[in-house]
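Coming up is one lone chain in C-alpha cells, specifically the form predicted on its own.
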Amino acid sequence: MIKIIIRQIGLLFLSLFTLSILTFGFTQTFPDNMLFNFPQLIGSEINLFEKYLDYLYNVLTGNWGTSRINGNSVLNEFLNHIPATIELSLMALVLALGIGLPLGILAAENKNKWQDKIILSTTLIGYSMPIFWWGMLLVLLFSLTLGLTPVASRIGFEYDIIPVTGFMLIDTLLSKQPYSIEAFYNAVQHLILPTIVLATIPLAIFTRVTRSAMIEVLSSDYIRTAKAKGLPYTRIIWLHGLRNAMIPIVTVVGLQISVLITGTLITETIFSWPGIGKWLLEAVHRRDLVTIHGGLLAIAVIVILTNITVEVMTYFLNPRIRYKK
C-alpha cells in the first residue's frame, strides 16, 4: 500500500513538473508587457532558468496575472467561475451514471436481444451527435417551441440571490429571501437542458462500458455459484455483479472528467452558463493570453489530480492489485 501511495505521489509531482515546463514555455510567447505583470521576469539580463523559478514562485503564490477583459486577478476570476462549472459537471455526471449504469446492466442481461440492440443503437447515436447541434435542438424544442425550460443563464433575473458558496442550488436554499424555494426550482429549471447536453456523450460511454464489464462478470463462476445458492437475482446483479464491474467503470469516469470540461466550452456558450468554459472562450475571442494561460493551467491541474485519485480508487477496488506481491 505504501509503495502504491509513494508511486502515485511521485507520478503527481512528475506530471505537475511537466505541466509547469509546458505552461512556462507558453508564457515565453507573450509580449513583455503581457507577461503576467511580473517585473522580475522582464529583462534580457535574467536567464531562462531564473525566469522559470520566478514563474513557478508566482504561480504557487497565486499571482497568475491580470485579465485584459476586466482588469481583475486571473486566479480570482477562475475561482468565481469554477463553482458554476463544477455544479453543471456534477449534475451531468450524476445523470450519466444514473441512467448509464442501469442501461448497461439491462443490455448485458439481454445480450444480443432486442433490448440490447436498441440500447447500443441509441448510445451510438448519442455518442455521435455534435454537442452544439444537440444543444440548439433542445433549445428550439423545449425552450422556444414548448416553453418548458429557460434558454440561458443559471437563474432568472427577477431573483436576487447573494452568492455564498458559488453553487446556485445551495445558495438559493441558503438565501433568506422569501422566494428562496421558488428561486431553487427556477435554478433547477435552468440546469435541466445544459445537464442533458453535457451528459449525453458520457452517458453513452458509461452504458457501453457497463455492458461490457457486466457481460464478463455475469459469465464468472461466482455468479453461477450465487445463482445456484438461490440468491435473489437483484442482489446478484446489483451487489455481486456491479461491485466487481466497477473497476473499469471508475477508470472511465476519471477519464470522462476531461471530456466534461471540454464539453463545457460549447455547452456553457450555448446556454450562457457563467462557468470557466464560457470564460475561457471569451478570453480566446479577446486574445487575453494571460487568462487563457491561467484557465488552462488550472484545468490541467484538476484533470491530473482527478486521474491520480481514480488510480488510487482503482487500487482499493481491485483486490488483485491490492494483494499483489
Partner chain sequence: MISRPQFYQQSEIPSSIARWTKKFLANKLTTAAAILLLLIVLVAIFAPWIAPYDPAFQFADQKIPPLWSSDGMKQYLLGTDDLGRDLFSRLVHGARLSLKLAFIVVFLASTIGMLLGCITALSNTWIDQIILRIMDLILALPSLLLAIVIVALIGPGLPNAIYAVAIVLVPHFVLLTRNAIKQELSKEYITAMLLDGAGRVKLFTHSILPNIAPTLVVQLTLAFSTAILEIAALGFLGLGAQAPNPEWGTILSESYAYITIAPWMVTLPGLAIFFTLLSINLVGDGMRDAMDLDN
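Positions refer to the first chain, counted from 1. Keep in mind the model is a prediction, meaning the values are calculated, not measured.
Omitted here: the form predicted together with its partner chain. The next part is about that form.
- In the predicted bound form, every residue of the candidate spot (F26, Y127 and I261) has a heavy atom lying within 4.5 Å of its partner chain.
- The partner is absent here, but in the predicted bound form a heavy atom of L137, alone among I181, V94, A228, L137, sits within 4.5 Å of its partner chain.
- Using a 4.5 angstroms limit between non-hydrogen atoms, Y233 is distant from its partner chain in the predicted bound form.
- Although the partner is absent here, S15 is a contact residue: one of its heavy atoms lies within 4.5 angstroms of its partner chain in the predicted bound form.
- The closest heavy atom approach of W114 to its partner chain in the predicted bound form falls outside 4.5 Å.
- Its partner chain in the predicted bound form is not approached by W238, whose heavy atoms all lie more than 4.5 angstroms from it.
- For the stretch 259 to 287, the set of residues having any non-hydrogen atom within 4.5 angstroms of its partner chain in the predicted bound form comprises I261, T262, L265, I266, T269, I270, L280, L281, V284, H285, R287, in sequence order.
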